[in-house]
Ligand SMILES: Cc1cc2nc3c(=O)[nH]c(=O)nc-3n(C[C@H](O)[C@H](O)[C@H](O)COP(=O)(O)OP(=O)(O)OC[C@H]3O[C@@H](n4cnc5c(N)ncnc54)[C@H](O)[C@@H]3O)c2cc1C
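Okay, so here's just one chain, in structure tokens, the form predicted alone.
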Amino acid sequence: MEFIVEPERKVKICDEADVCVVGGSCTGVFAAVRAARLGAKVALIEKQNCLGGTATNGLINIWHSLYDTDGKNQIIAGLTLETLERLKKAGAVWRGESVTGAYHFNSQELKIELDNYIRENKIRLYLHTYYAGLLHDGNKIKAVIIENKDGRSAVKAGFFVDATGDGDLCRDLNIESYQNKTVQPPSSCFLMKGDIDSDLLSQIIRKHGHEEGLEDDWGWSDRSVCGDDITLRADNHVFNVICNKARDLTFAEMEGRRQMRAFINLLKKYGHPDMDYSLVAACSHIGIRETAHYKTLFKATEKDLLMGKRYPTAVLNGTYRVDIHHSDNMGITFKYLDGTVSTFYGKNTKTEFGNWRTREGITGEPAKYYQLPLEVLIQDRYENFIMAGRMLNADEGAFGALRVMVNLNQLGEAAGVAAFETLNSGKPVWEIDRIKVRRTLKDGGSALI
């Protein structure tokens, strides 16, 4: 590999904050809001033109249940619940009668509500702004370098939160990383005018998919709150890519869009003859499920998660199933707290069922929800730094459950509170009172039971 040497240059300081959050997904926004509500001056850096990440730019308009598995206790609240209540007032959220059901929302309205959080909490927001590097002195980060329409500049802060998803700051800090044995592949979501029943779609793909270069791949779809004739489609994956690599990400974005048109073309040829199929909107960012993971004080494991292990420093409650998109055979596997295991291949091509509790000889009542401790966010090399997002330290199964938004939302909130507590205490992040962080989260509205 050849190199060039950039001339040394002065970089202007464009902002100084108590807390700087890099990455404006809901994880990053909720970290920023929590810190700001506690009194911190916060700067938030986001490379896209809006906040929300996968929920907005990726078009994923679903947040899963806020209750335990039997619907008796609300286990998730905080900013997730507050946001859903705001969207409800705007007529932009829908849910069935069951409290254990998912919430479906208008992802375009979510963009506006996240903007409102920024204004209300006086957060300094930088959109269309790329993180380009950082400066640190020993075990303390001094500033992050950013690039935007004003050119190259720096944001100084007392504490930094990596909410980039891929762990871009973690990478530049040389924090130890790893990839799970199989990396869950990404999907490009889109909104489509028209609908197709699963049986007919299965027939079309198996018989004619090769005409448009589409494989018999497992996928899903959902109703859209944008209109009765609009559906959200996530029918295909892009395989053999790791999306924290520039060339892979570029290929994945282009291939995802090719798949959208191919899908529409097939339905126009072989779908319901009275249905006018068309592409309404394409995601502006492919839905990345997994890339690198970074080591922290705690690693989440599938066994502890499914058994519902409890922690005194818990900052996350959840029930979302273990959900693993296969990287090699067009399938998906779900594992539930009650023991059920379901694997689906292709579009209704093959199914397998089992029970992990029976297989392992586990008896007694299944857990109603699982937890995760604050330590999953904390590293022990840089005293003013924490990470929150899909780069989390988890094995394949645990990650399959924890990667969804209602879980990462909670980790963002916890990171924001931990950031404030670190600054307030004057201690390194690994020495803060973790019970106090949990208590502060609860006092701020989190449903930590």
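These numbers come from a predicted model, not from an experiment. When you see a residue number, it is the position in the sequence shown, counting from 1.
Note that the form predicted together with this ligand isn't included here; everything after this is about it.
One stretch from 365-373, 271-279, 163-171, 342-350 that, in the model of the complex, holds residues within 4.5 Å of this ligand by heavy atom: In the other structure, the partner sits against 163-171.
Non-hydrogen atom contact residue 63 with this ligand in the model of the complex at 4.5 angstroms: Yes, residue 63 lies within 4.5 Å of this ligand in the model of the complex.
4.5 Å heavy atom contact, residue 387 and this ligand in the model of the complex: Residue-level check for residue 387: no, no contact with this ligand.
Quick one: does residue 86 come within 4.5 Å of this ligand in the model of the complex, counting heavy atoms only? Taking the distances in the model of the complex, the answer for residue 86 is no, it never comes within 4.5 Å of this ligand.
Are any of the heavy atoms in residue 27 no more than 4.5 Å from a heavy atom of this ligand in the model of the complex? Contact check for residue 27: yes, within 4.5 Å of this ligand in the model of the complex.
Within 4.5 Å of this ligand in the model of the complex, heavy atoms considered, which of 319, 129, 244, 379? Contact check passes for 129.
Could you spot which one of 45, 394, 42, 411 gets a heavy atom to within 4.5 Å of this ligand in the model of the complex? Residue within 4.5 Å of the partner: 45.
Heavy atom within 4.5 Å of this ligand in the model of the complex - qualifying residues of 182-199: Read in sequence order, the residues that approach this ligand (within 4.5 Å, in the model of the complex) are 187, 189.
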